[in-house]
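In structure tokens, one chain follows: the form predicted alone.
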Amino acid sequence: MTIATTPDDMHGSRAGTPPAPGPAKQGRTRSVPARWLLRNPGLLAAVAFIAVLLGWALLPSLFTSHDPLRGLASQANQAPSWDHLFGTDRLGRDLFARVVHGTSLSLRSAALAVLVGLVAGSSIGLLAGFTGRWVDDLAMRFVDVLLSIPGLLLSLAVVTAIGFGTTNVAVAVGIGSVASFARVTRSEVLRIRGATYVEAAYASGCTRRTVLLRHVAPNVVGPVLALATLEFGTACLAVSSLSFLGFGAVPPTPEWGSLVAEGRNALATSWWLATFPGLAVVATVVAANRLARALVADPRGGER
């Protein structure tokens, strides 16, 4: 008995013919980001730490039952223990509670600083890169002046002029980051402005405003968000530095920089007073830097 074969069957049985893509191949494709995350334990640790920070900032009472503003004199300067994870200060206040409750103020100040720099700097860079000519020259000379001054020194000068306080410190730090956002935004706009699809939009009759809002601005978002994530860690460090110098939160309000300042004179006898708040700042900066690298990384390896 002979079995009839069709041309399709003969084509499918040829040696060396790769099989048609099926669900298994699609599943492997979808698993690329998962494998990438599993191969980057540092990124997972950064995400987990930031999740903990958000919990501290939003619901601090879930992590500690101690009052950050009240203490017992009999428990002053106690070393870290199960009852007081980070020890106590000279007034008997639980340091872990003060670090947890100070997270909200520290993160909020850093976020405000990034927002100020993002809005002001991106607007300058977008306008300069898209308009060009004398507007570009004038805006970039202003940015060059800002870049010629160290960021912390510029923030210090601004906060001295506008007054002390956490909000003023955040605004001052944000002004210090305007130049970075402006330069990155301008460079991306210049790259996108000469793209083929932008020229096609002009050829189809789109106005400059439409091209800016629909084709240029959306394609600038990715690199700017990556910079904003990186600047968040820098802003957190700058805000804590200014608070350490006495320009930020007023005692007894807990804030990471002021907590480090309170413990700097007792490093020899009570090392934990400055160490744990300082570690919180360092860990936040490292986690923000790791997330910023992940935003510009390709899950298949390499940079975008």
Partner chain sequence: MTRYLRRRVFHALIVLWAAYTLAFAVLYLLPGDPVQAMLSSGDGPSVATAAQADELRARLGLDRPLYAQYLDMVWDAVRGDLGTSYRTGESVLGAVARSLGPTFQLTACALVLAVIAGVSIGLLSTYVKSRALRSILQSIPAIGVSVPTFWSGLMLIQVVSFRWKLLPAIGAEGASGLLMPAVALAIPTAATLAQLLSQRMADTLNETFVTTARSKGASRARIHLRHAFRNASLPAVTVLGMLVGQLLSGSVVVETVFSRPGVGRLTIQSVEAHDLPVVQALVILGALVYVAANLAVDVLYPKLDPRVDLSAGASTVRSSA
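Residue numbers count along the first chain shown, from 1. Nothing here was measured: the structure is a model prediction, and the numbers come from that model.
Beyond the structure shown, there is the form predicted together with the partner chain, which is absent from this document and is the topic of what follows.
> How about L54: is it within 4.5 Å of the partner chain in the predicted complex, going by heavy atoms?
Replying inline: So L54 does not count as contacting the partner chain.
>> Taking any heavy atom pair closer than or equal to 4.5 Å as contact, tell me whether L152 reaches the partner chain in the predicted complex.
In response: Yes, L152 is a contact residue.
>> Taking any heavy atom pair closer than or equal to 4.5 Å as contact, tell me whether W271 reaches the partner chain in the predicted complex.
In response: Contact check for W271: yes, within 4.5 Å of the partner chain in the predicted complex.
> So in the predicted complex, does A46 come within 4.5 Å of the partner chain, heavy atom to heavy atom?
Replying inline: So A46 does not count as contacting the partner chain.
> Has each of F63, Q75 and L91 got a heavy atom lying within 4.5 angstroms of the partner chain in the predicted complex?
Replying inline: Checking in the predicted complex: none of F63, Q75 and L91 is within 4.5 Å of the partner chain.
> Given that the partner chain is left out here, which of I162, L115, L85, I192 has a heavy atom within 4.5 Å of it in the predicted complex?
Replying inline: Going through each option in turn, the one that passes is I162.
>> By the heavy atom within 4.5 Å rule, which residue out of L146, A111, A120, V211 makes contact with the partner chain in the predicted complex?
In response: Result of the distance check: L146.
> Taking the partner chain in the predicted complex, which residues of 276-290 have any heavy atom within 4.5 Å of it?
Replying inline: G278, L279, V281, V282, V285, V286, N289, in sequence order.
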